[in-house]
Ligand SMILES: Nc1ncnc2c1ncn2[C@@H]1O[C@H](COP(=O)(O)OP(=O)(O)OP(=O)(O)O)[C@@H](O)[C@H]1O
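Below you'll find only one chain, the form predicted alone, shown as structure tokens.
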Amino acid sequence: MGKVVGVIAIKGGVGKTTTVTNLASVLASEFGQKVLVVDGNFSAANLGLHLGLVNPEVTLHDVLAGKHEMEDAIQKHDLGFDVLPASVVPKKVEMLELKSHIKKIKDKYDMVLIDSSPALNEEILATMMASDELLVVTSPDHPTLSCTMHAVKVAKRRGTPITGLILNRVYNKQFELTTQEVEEATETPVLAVIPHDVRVLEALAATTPASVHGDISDVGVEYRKLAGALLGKQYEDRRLTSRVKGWLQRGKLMEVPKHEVNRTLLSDSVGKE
């Protein structure tokens, strides 16, 4: 039976949908996983738009309304994963039924990724209820951190395990919050630090995940390493600059970043399951 991972945030624009599409693409292409991505943002669906699905004939809204079965709404993407889009026109549905519908098909996949709503309402609750574990997307600034702390607190009250945080759009500037500060405030490990890269927007315009758009960048490598850790595996970055960093870290001339340590711990833990 597949694992259901909800990707949440309660502040819009932090890169939640981008995270879902990039993880799906590398899980499928690099690790051979059978993956389904689900648009759980019922009132402002845009997962399909990220992937070039502008006007799907059957959507998750139709499934929850009892008009169609899940299989009718699932579409195969060229990058090797399946997509369950939602309607871009909001419709009233029983959102909390999402869990029962996903339960019917999760055994057909290695991993199901749910792109949740960024609002603290019934929509994000539906994702929390349907998920086996959660990833929380945030960015290194105080307003977003405040929202992230709230999201973590709500998830813990619901009892859905939080695997870790994804720190997105990092400029590596002194005015930004550090990984340690984010971890201490949320009491949650940071598993990936995604650098700011304008090529992410370029990929979005091409309706293609940045991790597979053009040459492999630091963004693509971070998503690959995160995907590997979620599976209990390690992705080896074979680029020369990364190999040099590895040599320096093994020689203790350079400190291993905290999020890389967290990924190793997660990978080891998953590998023992």
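Numbering starts at 1 and runs along the sequence shown. Just so we're clear, the structure is a prediction, and the values are computed from it rather than from any experiment.
Omitted from view is the form predicted together with the ligand, to which the following refers.
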Output flag, V5, G220 and K233 jointly within 4.5 Å of the ligand in the predicted complex, heavy atom basis: no
Position in contact with the ligand when the complex is considered in the predicted complex, options H142, H196, K92, K76, heavy atoms within 4.5 Å: H196
Residue among L204, A65, V58, M70 with a heavy atom within 4.5 Å of the ligand in the predicted complex: L204
Among 164-172, 102-110, 151-159, 84-92, the region lying within 4.5 Å of the ligand in the predicted complex by heavy atom distance: 164-172
In the predicted complex, G13 touching the ligand (heavy atom, 4.5 Å): yes
Contact flag, K225 vs the ligand in the predicted complex, heavy atom cut 4.5 Å: no
Heavy atom of N262 within 4.5 Å of the ligand in the predicted complex: no
The ligand contact at N41 in the predicted complex, heavy atom, 4.5 Å: yes
